[in-house]
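Before any questions on binding or motion, here is one chain by itself as structure tokens, the form predicted on its own.
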Amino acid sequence: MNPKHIEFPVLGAKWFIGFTALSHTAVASLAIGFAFIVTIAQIIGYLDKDRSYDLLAKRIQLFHVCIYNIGTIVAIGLVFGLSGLYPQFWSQLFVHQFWTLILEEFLFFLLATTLTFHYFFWDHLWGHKKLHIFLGALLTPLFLLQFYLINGIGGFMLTPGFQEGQASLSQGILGWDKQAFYNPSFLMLTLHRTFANISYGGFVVAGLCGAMLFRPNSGAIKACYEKGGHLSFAVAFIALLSLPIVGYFYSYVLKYEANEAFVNLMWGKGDVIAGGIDWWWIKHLCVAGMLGMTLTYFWHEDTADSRFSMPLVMIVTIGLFYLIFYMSMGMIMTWKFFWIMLAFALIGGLLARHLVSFHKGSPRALYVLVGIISFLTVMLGGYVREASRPRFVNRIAHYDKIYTPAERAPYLMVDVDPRTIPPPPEAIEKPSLAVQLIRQKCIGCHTLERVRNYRLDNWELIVDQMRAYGLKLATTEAEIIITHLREKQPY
């Protein structure tokens, strides 16, 4: 008997995919941050007529070109790994989001071309600096659009928004499932990953600048890395401040749309615990330590009157805000969590003060340390996000059968009994207008399960409330939905 699945030697299928995915995350997550820092450095250099900022931007872009190509190689390995090791899982994503993935691939090619062109024509376009800056500035929105596309698929894996059999490829565009893409956690995942990656990229650039400051450099080169470290550290810190706010709303969505994942994170359940360690806690320990280090750094910068310093009152306010944030987290999880996070923030602050004092006011060691810790937070965050969610294949597609949606079955070359293949699309009875409206309109803010679980019969009031909340629904459409729900017909 042939084995049902291919196994990867030594690591096994699960750990191979996990290792490959985190390796890709390590480099791919730098893209937005690097592109953003390069553009800001170029603009400041152009306005101030300071060549050191432009030199810094060019060196960052060289590093960006290198890691982007590494990320490409790892991403190809991930796709091949998923295709061979988890074919049902990958086939479902590709069937539902074929055009999303094709468009994402086109954007990938466009980004790789633009990034390479921007770096290798740096000196050739010196006489057209505004054009060159504009070309580099295009990278950030293009990366954001690429994130927008891939996060629709990532969010679908965590909060599908419907259960098996509810999705319909016959609605909208064949090969693009609107309900699957605009799932409940899509927006929050996009916002959280965007700000997290800008912060991550900025801290890594600061870490690289700090590492270069340990080498013997000329005065001009040293000044270049000093300015680059201050700039990128400030950008990273500002992006870091948004994460608790976005994270709160992200967790709110998970509480109601992926409760198992929420419980796994907050109370340490499932694969979030590996090797007897709660990796969600470890991730927050890193964040708390970073917070203490960065606040101490900007406290020092305020007294040093640096260009990228922040007012002392703002630093104190941020510190108090984070204190309240961790208190609220402690109320949800455990007060032990609050006191440990507070302790690590204080330890981080004392360590930052020592490092700056030890190097006679230079934050180079602090830059390197925070860059390393930010790398750890991104890796741990990526792991726990995936480890917390229930098994996707157990909820949607199963290992023991080929995924053949009715709309695609006639075109799939699968070895099955022809009598079991569903009829072609034109023979399939399309859902009624009421069913289509409920699926398309109600799924925008919550799952259909929430509608099914509603026990009262005041649907006219409920639909009117949804319209008041901003749901775009014509009066005739509202009447169709209300009638269908009152009759308790399936949808």
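Small disclaimer: the values here were computed from a predicted structure and weren't measured. Quick note: we count residues from 1 along the sequence shown, nothing fancier. We call the rigid core the largest set of C-alpha positions that still match within 1.5 Å between the two forms.
Keep in mind that the form predicted together with heme C (HEC) is not shown, yet the notes after this line are about it.
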So, P9 and heme C (HEC): in the predicted bound form, are they within 4.5 Å at any heavy atom pair? no
Interface membership of L471, heme C (HEC) in the predicted bound form, 4.5 Å heavy atom rule: yes
Would Y454 count as a contact of heme C (HEC) in the predicted bound form, using a 4.5 angstroms cut-off between non-hydrogen atoms? yes
Would R59 show up as a contact with heme C (HEC) in the predicted bound form if we use heavy atoms at 4.5 Å? no
Each of C442, C445 and W459 having a non-hydrogen atom within 4.5 Å of heme C (HEC) in the predicted bound form: is that the case here? yes
Out of the stretches listed (30-38, 63-71, 50-58, 434-442), which one is close to heme C (HEC) in the predicted bound form, meaning heavy atoms within 4.5 Å? 434-442
With both forms fit on the core, has I462 moved 2 Å or more by CA between this form and the one not shown? yes
Compare the position of the CA of I480 between this form and the one not shown after a rigid core fit and state whether the shift reaches 2 Å. yes
Threshold 2 Å Cα movement between this form and the one not shown for A13, core superposed: no
Since the C-alpha distance between V253 and K472 changes by 3 Å or more in the predicted bound form, give its direction relative to the shown form: closer or farther. closer
Classify the change in Cα distance between K472 and Y250 in the predicted bound form as closer or farther, relative to the shown form (magnitude of 3 Å or more). closer
